[in-house]
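Only one chain comes next, encoded as structure tokens, the form predicted on its own.
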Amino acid sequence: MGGGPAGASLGAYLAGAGVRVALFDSGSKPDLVVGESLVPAVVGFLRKLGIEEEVASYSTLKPGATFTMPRNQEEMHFRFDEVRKAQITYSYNVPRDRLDASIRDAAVRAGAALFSERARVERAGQGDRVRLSDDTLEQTGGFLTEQPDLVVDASGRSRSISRLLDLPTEAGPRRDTALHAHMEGVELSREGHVHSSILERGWSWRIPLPGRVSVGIVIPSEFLATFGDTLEAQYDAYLRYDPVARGWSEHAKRITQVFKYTNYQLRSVRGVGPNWALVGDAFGFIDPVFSSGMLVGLDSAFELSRVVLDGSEHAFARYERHVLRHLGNWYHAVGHFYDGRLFTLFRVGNFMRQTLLGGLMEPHFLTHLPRVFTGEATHRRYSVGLLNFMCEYGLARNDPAELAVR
């Protein structure tokens, strides 16, 4: 249920392995979707699907990321080809409508049956089993003549099965609103880099795409509401109000309407049931700041495809633990960004590398810490543990509050 990147890639893997797959995609998506900037680890999944060359043809090459810290507007440039022992040293900024279409087409080529309808799911009895509605089965024109063995919820933040079964969730501490549009004339300091800036309140992203720049502002909801009654009024007024945003948007022109996202930092506690599973954003979404959502979705789809082919209850339980751990690792990394510990650690590192001890330790840190954010080490307990340890105990008594996101 859902033909976005997670659902469609799962369909491609399973259909390619000979599984009978019905993929429901109503096509009712907003024109702009969060998830336009990909971390390098995503490239590996594009290769598995056989679509990297196609995606590269309509995307912007992404060689790294640039972060602008608060107060003195110090910039930190992060190049993927400088990451020690990195397996993939680049990525892409993608028009999401075209990426989604490329993955759907890969699923169809693999043999999945695509139905341009919204699937409806119902409870099956009093327990936690689910079933597709009769009219959903009829919409397949005989492809599904009976209930499927497994129903996968890839409906994104609609969270169809979670809402139906009232599954428990865990929410993060942030209560932000993200407003998102495309603009022309936005200033960028590094070609192809995704730019993230700490604002007076909240933070912003700038993602260079062919012929335009995706600009998002993530602001505490109650504060953003003071800037106008419409999304466009709030978005335009805040870009004029904030001194950091004004510096790179003063001569920019918005060329799309503004889209709003609010249900960030939400994850289900359960991801599998008697005859169902959750994948991608339907399982959980942490935050847009490190572009982790697409990676979590594609990684969970690949892992779930292996589990379905295994078929054992143990394999499904392993999948649930895998995704919960992945979401939890990103949750902690995002927390270090918001509370200022991550940027404080970067500053301390810049000083320490000039000392004898720091110079000796630097290769070790550069092997593990950056690869958490490229996605190659977010499953490695040591790498993630080292990041958390250093953000807690490696700040050399510097107060992280100075670099925190308000």
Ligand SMILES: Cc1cc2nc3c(=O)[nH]c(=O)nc-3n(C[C@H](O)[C@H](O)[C@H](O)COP(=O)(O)OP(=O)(O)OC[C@H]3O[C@@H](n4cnc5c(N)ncnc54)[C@H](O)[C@@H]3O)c2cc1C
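Quick caveat, the model's predicted, so the values are computed rather than measured. From 1 onward, residues are counted along the sequence shown.
The same protein also exists as the form predicted in complex with this ligand; that form is not shown, yet it is the one meant from here on.
Taking 239, 278, 215, 119 one by one, only a single residue has any non-hydrogen atom within 4.5 Å of this ligand in the predicted bound form, and it is 119.
261 is the sole member of 261, 80, 302, 248 with a non-hydrogen atom within 4.5 Å of this ligand in the predicted bound form. Although the partner is absent here, residue 37 is a contact residue: one of its heavy atoms lies within 4.5 angstroms of this ligand in the predicted bound form. Proximity of residue 160 to this ligand in the predicted bound form: non-hydrogen atoms within 4.5 Å are present. This ligand is not shown here, but in the predicted bound form it comes within 4.5 Å of a heavy atom of residue 29. This ligand in the predicted bound form is not approached by residue 327, whose heavy atoms all lie more than 4.5 angstroms from it. With this ligand omitted here, the record of contacts in the predicted bound form names 280 to 288 of 312 to 320, 162 to 170, 280 to 288, 239 to 247, defined by a heavy atom within 4.5 Å. Although the partner is absent from the chain shown here, none of 41, 64 and 333 has a heavy atom within 4.5 Å of this ligand in the predicted bound form. Along 1 to 35, these residues reach a heavy atom to within 4.5 Å of this ligand in the predicted bound form: 1, 2, 3, 4, 5, 6, 7, 24, 25, 26, 27, 28, 29, 34, 35.
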